[in-house]
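Only one chain is shown below, in structure tokens, and it's the form predicted alone.
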Amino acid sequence: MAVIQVNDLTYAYPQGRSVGPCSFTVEKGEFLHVTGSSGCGKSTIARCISGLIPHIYHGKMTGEVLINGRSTLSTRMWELSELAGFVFQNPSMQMLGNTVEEEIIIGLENLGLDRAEISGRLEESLGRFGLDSLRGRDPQTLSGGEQQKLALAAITSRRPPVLVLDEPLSMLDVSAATELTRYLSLLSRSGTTVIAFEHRADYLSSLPGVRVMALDSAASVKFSRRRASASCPDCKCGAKPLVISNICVNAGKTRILENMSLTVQSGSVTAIVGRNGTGKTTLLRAITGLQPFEGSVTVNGKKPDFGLVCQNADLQIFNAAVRSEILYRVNNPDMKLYARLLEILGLGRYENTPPLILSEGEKKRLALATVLIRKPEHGVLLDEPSLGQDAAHKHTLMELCAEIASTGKTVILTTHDLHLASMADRIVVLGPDGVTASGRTEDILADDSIWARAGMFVPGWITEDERKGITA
């Protein structure tokens, strides 16, 4: 008998959105990679397999899901949690502990393990996911990638026979994502059933024995790069560089940024990359003034006006419908721009839909629309914009960023997706000591010594054309 059986499954949320029907099985020790376009229902199916649907989400479910022959409908949630461990797409949603250490211990205590076993598993998990130095930190003060590592550590330490992972690589740097996929492959070969719903297929495609299941037939898109800076040189648009001078940021007793200085040219798209916890999100928050800091951040000697799209889109979405979310408190909105944003960002059919039932990728695009409708003077900041996005939407995003930059504004994005970064005009690499390097994309991607100093590497599936900045 298969470990997982999904039979004629459909699910409709109370607000009307639905997925299915679908049927499939997963065998013991199998590694299943589930792909599909943004919004096709991957997270919904993951919730059904883990039992969150129908026990937590109360829409209409038909068909059945069986784990080891037991129906998720009739099995209590605490029993299902021992059969299948689930890592959310948004890891902050499953943080319960006051410290990193406590977050892992809670799940182990719930299994009734003795103190010696708990201590051993705790140390193993902290070491495996590089969290030992963070063991006393409040999980809510961690970066998105560090939270993702913690969620993975907490769930895998319980050693469930089935792992259901919703975009487990989305916020991990190259090194962490590579290490995780190797670990998941090892677990699978040891008998753990792994089901990963994931857009970043490059990390999984080379693993032995991984089966791919596509939920839809979305066409693949080849990344290309339209040089924003070439269409808007500073002499034409007027130089409005963002100047960051000696900024310092603390999170409690932890120093996140130390005397960081950086100048970002206007009329260009700049990608900021770096290992998890190097301060990428903190830097964007400081630029907008959301994060207190020492030092100065200016454009033409004044406080800048940037729109920020948060890494966690839930932080900036609170209205009852997509339309009201985008137009919220916008005086004399540009309705032509509104209509265009709906079309470009694939939100037209959701105009009257409650934002919080959208997929994570759709929420990110909605958050971007709420920023762009306000036409911030100096540009936009996007924190991990590729989260939840398929290849087609990533391509659209970068075309839109290039268009914004062509008007003389500054576009800065943080990302762990080096395909995405390769389409930017410039790359800033952050390392343990701040800015490791800053320069043209083709120069940064071609210099392996830069990545080594930052504790990273450019994986082999980044093509030579991408390294050289050749546009398709």
Partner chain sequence: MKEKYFSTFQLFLLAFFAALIVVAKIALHLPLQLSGHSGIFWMAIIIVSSRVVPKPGAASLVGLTSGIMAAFLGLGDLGALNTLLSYSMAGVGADLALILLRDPENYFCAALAGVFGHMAKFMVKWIFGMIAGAPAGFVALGLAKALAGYILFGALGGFLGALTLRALRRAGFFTYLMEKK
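As the structure is a computational prediction, the values presented were derived from the model and not from experiment. Numbering follows the first chain given and starts at 1.
Omitted here: the form predicted together with the partner chain. The next part is about that form.
Out of the listed residues 54, 29, 63, 432, 54 is the one that sits within 4.5 Å of the partner chain in the model of the complex by at least one heavy atom. The partner is absent here, but in the model of the complex a heavy atom of 357, alone among 215, 162, 297, 357, sits within 4.5 Å of the partner chain. Among heavy atoms of residue 14, some come within 4.5 Å of the partner chain in the model of the complex.
Within 4.5 Å of some heavy atom of the partner chain in the model of the complex lies at least one heavy atom of residue 318.
Note that among 347 to 355, 395 to 403, 206 to 214, 175 to 183, the stretch whose heavy atoms approach the partner chain to within 4.5 Å in the model of the complex is 347 to 355.
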